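To begin, one chain is listed below as structure tokens, in the form predicted on its own.
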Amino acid sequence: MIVTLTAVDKHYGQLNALKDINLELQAGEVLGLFGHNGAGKTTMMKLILGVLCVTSGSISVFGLDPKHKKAWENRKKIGYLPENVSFYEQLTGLQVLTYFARLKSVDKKQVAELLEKVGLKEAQHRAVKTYSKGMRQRLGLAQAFLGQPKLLLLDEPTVGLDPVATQDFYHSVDQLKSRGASIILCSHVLPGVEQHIDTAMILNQGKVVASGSLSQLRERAKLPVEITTQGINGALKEVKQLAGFMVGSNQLRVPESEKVNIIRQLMAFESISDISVESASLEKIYHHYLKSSQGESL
């Protein structure tokens, strides 16, 4: 395992920021970490980085406690993008990235390559204080990608990015994953994330309320699949087994376990001209588990 958290608690005085957190992150796995502000996402990342100490429990990163003296060398294999990026504003983008490259003992060739990759080649000689929020975010992504890290921690990485830059960012994430990197991706922007993650962890008030692959989470939540047909018209209600799932004249809402069976029945209609199948989105999964956890705490 690249990262292991075992029964981790983190307290700030009387505030329990994290409670009994267990996590195993494998090589080449992308974990989506989700939760409202104050849920404990950033605290978890800082514990993994070794910036904070656990109150109880244990953490292992590349086989070592991140606070251990020998873990210093491992930091060269880690990339981190904080939620609010901050740089020396008098320096140029090129100077900032060169500075971080020296800290990580990274070949200077990567600096020019990354500046071009994130679309800052033309602005590399400008002072960071002249950069827009989106440009600063892209500079932050460039420093996180330095050294092709084996572990990447990204806290709200797409904030301030336009659609094209967001697409380029996820392409970079997919490339790093294909090279065996493990990634923890924390984001409030759920649409577009699900196709890039392998597993999800949802936090609420410092506790894990759901964890697993999206298919596992859908199955546990019993969230239905929505199927929309074209061409069948009113014939659906004539079939008793299908009529019970109807929510409209040409739309059905079926359990995930019944999806394949229902699709087979629908395809038997000669008049069918089109069919669309939509499983519960990450956004629906998130809201389901969050609502369920809030109900349990009342």
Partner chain sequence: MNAIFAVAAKEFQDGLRNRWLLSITIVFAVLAIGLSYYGSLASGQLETASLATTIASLSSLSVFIIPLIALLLCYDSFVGEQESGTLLLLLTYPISRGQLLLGKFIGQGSIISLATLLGFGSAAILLGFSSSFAAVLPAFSLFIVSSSLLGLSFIALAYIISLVASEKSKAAGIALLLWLFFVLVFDLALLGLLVGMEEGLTQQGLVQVMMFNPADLFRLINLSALQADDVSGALSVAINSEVNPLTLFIIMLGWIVIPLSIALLIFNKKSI
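Computed from a predicted structure; not experimentally measured. Positions refer to the first chain, counted from 1.
Omitted from view is the form predicted in complex with the partner chain, to which the following refers.
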Pick from 86, 175, 215, 132: which residue has any heavy atom within 4.5 angstroms of the partner chain in the predicted bound form?
86
What is the one choice in 236, 52, 59, 31 with a heavy atom within 4.5 Å of the partner chain in the predicted bound form?
52
Tell me which stretch of 98-106, 175-183, 201-209, 188-196 has a heavy atom within 4.5 angstroms of the partner chain in the predicted bound form.
98-106
Residue-level question: is residue 143 within 4.5 Å of the partner chain in the predicted bound form, judged on heavy atoms?
yes
Can residue 91 be called a contact residue for the partner chain in the predicted bound form at 4.5 Å between heavy atoms?
yes
Considering non-hydrogen atoms and a 4.5 Å limit, does the partner chain approach residue 80 in the predicted bound form?
yes
Is there a heavy atom of residue 220 lying 4.5 Å or less from a heavy atom of the partner chain in the predicted bound form?
no
